[in-house]
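Let's start with one chain on its own, the form predicted on its own, as structure tokens.
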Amino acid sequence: MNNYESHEIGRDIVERYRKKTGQSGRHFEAAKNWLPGGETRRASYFTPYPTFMEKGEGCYLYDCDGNTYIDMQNNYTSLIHGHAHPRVTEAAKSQMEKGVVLGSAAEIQYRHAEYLCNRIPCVEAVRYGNSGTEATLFAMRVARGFTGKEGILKMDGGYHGMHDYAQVNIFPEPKTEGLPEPWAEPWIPRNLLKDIYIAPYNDLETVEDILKKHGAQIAAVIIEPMFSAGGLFLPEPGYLQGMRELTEQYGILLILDEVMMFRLQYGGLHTHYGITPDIVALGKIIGGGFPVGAIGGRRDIMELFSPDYPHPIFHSGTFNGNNITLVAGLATLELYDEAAVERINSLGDRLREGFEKSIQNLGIKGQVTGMGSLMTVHWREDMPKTARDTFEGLLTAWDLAGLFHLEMLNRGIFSASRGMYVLSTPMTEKEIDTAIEAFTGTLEVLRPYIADTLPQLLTT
């Protein structure tokens, strides 16, 4: 729960948001009659109510009250080219006229897979699903099938989708001291906790201890090359390389979740760190704005999905590899070439530097994490290195983060309420500089609030 309106500045921010988005407020009240909580996606909800968008074009969004926003959420990283890119739209429209999904094998399936295999060096074969959740689910499943072992090692607070195994320690383990232990909310079966092992991110020593003791029961380690929902903080130097060495040493598969991070390097973020995983989970941008998930990896592992395999993994789905997703996805990926990756990452560097300068100039303790076109703002004195660091900072400054998000909306910047900013290729330096100006103005408005409620976040 928040306490936004206990302070004059908070009341003013909320009042201006309500005044600007009256029609959204009315939609929200109507939605609560039919949707529990008035929405159907937890990440889209924020207080006092979410903004109801009606249209997207390029890097801009237009809400039901006629307001315009620079979209710095981009559907949580899935829209690399923003909204309604002409080439992607034309590809999808052309396929719509032929049929969205034909319930059969199709040439576009292997053409899209061929493209991924040529672009991602460690990928020799691909299977498709409809979400990142499905991608990590089947990545874990094939790892179990290939190794004959059942255990999975994941990072405390790591997000890998919504299936039961991924939901273990989706938030950092609640205790504040010592090594994290497996835990889950009451709706997750208790019996699966015995097959999940937990380590803090950026802690190779703990990983090695776990593998020494339990390596004979562990099929795979699943990890992101940069922590996503837990704060977009970077791996420590040598961490990912050490993870690859340890998994090879103990005969354990390495699954890299690149669902979000693939956008950051042409061949996936793991290529930036010079490591070769056994399996990669993909999603988001590879579907061109349509629902998608995929796993790729070594051919000997991926062959377990083949119906010709002696005891194959059954993998199916009504919309797996559907025509419209893969047509739009291939057009999107072809547009997102090495030059486009470099350009959008340079815009991200400009935005990150602008945010950092504003924080420093106003004497506020804050950090901006991330890389390239992805970043997150943290209200804390030092850089987070683990999910526990991120959530401790978030809990301390919960209301500040929420009010900051609302005031950025008031100033025409649409972003994730958790402080994450995501860029798209239609953006130019103009949009970046506008966002920096809005960020600076928001900090200026909130500095007196910080002085009154969180004085420990001020440097002077």
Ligand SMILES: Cc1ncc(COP(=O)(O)O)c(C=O)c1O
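Counting begins at 1, following the sequence as shown. Model, not experiment: these values are computed from the prediction.
The protein also exists as the form predicted in complex with this ligand; that form is not presented, and the subsequent description refers to it.
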| said: If contact means a heavy atom within 4.5 Å, which one of 380 to 388, 196 to 204, 272 to 280, 154 to 162 is the stretch that engages this ligand in the model of the complex? | reply: 154 to 162
| Does the 4.5 Å heavy atom contact test between S131 and this ligand in the model of the complex come out positive? | yes
| said: in the model of the complex, is there a heavy atom of this ligand that lies within 4.5 Å of any heavy atom of L253, even though the partner is absent here? | reply: no
| Counting only non-hydrogen atoms and a 4.5 angstroms cut-off, does N323 reach this ligand in the model of the complex? | no
| Close approach of M260 to this ligand in the model of the complex, 4.5 Å, heavy atom | yes
| request: Only one of T369, T247, S228, N169 comes within 4.5 Å of this ligand in the model of the complex by heavy atoms, so just point that one out. | output: S228
| task | Quick one: from H83, H112, K284, R352, grab the residue that has a heavy atom within 4.5 Å of this ligand in the model of the complex. | result | K284
